[in-house]
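In the structure tokens that follow, the same protein chain appears in two forms, which are kept apart as structure 1 and structure 2.
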Structure 1
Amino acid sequence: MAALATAAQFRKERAEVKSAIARSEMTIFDAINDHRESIRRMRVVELLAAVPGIGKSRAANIMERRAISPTRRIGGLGPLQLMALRKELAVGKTDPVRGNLIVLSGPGGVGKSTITSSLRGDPRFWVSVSATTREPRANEKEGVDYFFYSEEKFQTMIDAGEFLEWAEFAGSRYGTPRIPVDEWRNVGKHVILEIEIDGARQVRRSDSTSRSVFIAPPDWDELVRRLTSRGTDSPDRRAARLALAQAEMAAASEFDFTLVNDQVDTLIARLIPLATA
């Protein structure tokens, strides 16, 4: 019963979107940025067919000409495919507004990864994927968790200025490739970077338009509790983590905004207006 009710709701929402497109009350790119699951699961060709003057036959031709699979769903569109569709339809005859670059940083244990995980499902954002020279772990996927590069390729990219930021940690190098960030921003997505303090400083130097957000704990005692709760850490390791956290907390004044992570949902509600304005 619940599944049938959900399916009916999905059909209703999709019909409303297609009707609004047919009446020119919204564009397909408004629909592509719709966060509802019913729209994210919709096939791109259905959306195209709803555009006045296109229809099913021309929609299929557009998909073939732009090398987009006829089964591709809206939530699976990549930046190059989005750009191809914008060129095909020439919406407004102008390029899309470039997305913002938002840098999230703060001390270890403050909850940055939880925040970015929550934003991954929002179609307005793309969470950047870092590159590393370390070997992938068993559960990690190329292009999802990291881009796994050889030392030679990583160095070549450094020499060519292809990283927004990079650093070395525990014998491996980590960095943010510039090209995918630019691709997603060029199709209007707001890009989220979750990086360390030094990386945030590098991004500020390389892109003055970036917006930096410091994620702070509710108080120092709470951060200490989170950092010392790992039973596997030695006393020396715990002391090192706390010392690093103190240094990271001292950098808060360098950022454009500071948000306290007292509750993830509340923080995200405050973050989104800063990121999208």
Structure 2
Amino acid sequence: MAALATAAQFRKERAEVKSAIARSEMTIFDAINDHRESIRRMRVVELLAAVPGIGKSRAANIMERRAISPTRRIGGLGPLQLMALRKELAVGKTDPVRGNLIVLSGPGGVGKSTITSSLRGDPRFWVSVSATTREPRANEKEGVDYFFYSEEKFQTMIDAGEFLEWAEFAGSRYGTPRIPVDEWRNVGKHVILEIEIDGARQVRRSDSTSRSVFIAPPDWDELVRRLTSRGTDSPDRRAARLALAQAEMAAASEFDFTLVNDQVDTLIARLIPLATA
């Protein structure tokens, strides 16, 4: 029953969006930025076909010409595909406003990954996937949490200038691949980097339009509790993380903004206006 009700609700929401597009009350790019699951899971071709003057067969042609799979769903469009659709429809005849670059840093254990998971579900943002030389943790997936690279591969990327920034942290190297950041910003997404302090400094130096946000714990004792209760690290690694956390806390004043992570929802509500303005 619940599944049927959801399906009916999805159909209703999709029909509303399609008819708004047909009446030129919204563009397909408004739909592409719609948060609702019903719209994120809708096929791109269906949306295109609703545009006045396009219709089903032209929509299919466009998809083929732009090498976008006919089954591609809105939530799965990549930056180059979005760019291609914009060109195809010549929306407003101008390029989209470039998205912002937002750097989030803060000591380990402060809850940065909870924050980025929440932002991943918001189509206004794209959360960068870093490369690292450290070993994957049990629950981590290649290409989702990180790109897990060998020292050699990482070094090749440094030499080729492929990192926007990179740094060493707790004996491993971490870096932000430059190209996807540019591509997503070019199609108007606000790009989030969740990186350590040294990387944040490099981004600030290289891009004066970037915004840096320091995520602070409610208090130091709470942070120690969170760091020492993490079961995935060896005692040595844990001690190193505590020392690093202390050094990271000292860098808070270098950031454009500081937000205290007492409650994730409250923090996100404060972060979004800073990130999207």
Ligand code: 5GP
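Just so we're on the same page, residue numbers count up from 1 along structure 1's sequence. Since the structure is predicted, the reported quantities are computational estimates derived from the model, not experimental observations. Between two forms, the rigid core is the largest collection of C-alphas that superpose within 1.5 Å.
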Fill in: Answer for which single form is the form predicted together with ligand 5GP
2
Practice prompt. For R173, decide whether the Cα shift between the two structures is 2 Å or greater, given a superposition on the rigid core.
Written response: yes
Discussion item. At a 2 Å cut-off on C-alpha positions, does R43 qualify as shifted between the two structures after fitting the rigid core?
Written reply: no
Worksheet item: Superposing on the rigid core, do we see a C-alpha displacement of 2 Å or more at D182 between the two structures?
Response: no
Discussion item. So with the rigid core superposed, the C-alpha of R241 shifts by how many Å between the two structures?
Written reply: 3.0
Worksheet item: Once you lay the two forms on top of each other by their rigid core, how far has the C-alpha of E135 moved between the two structures, in Å?
Response: 6.0
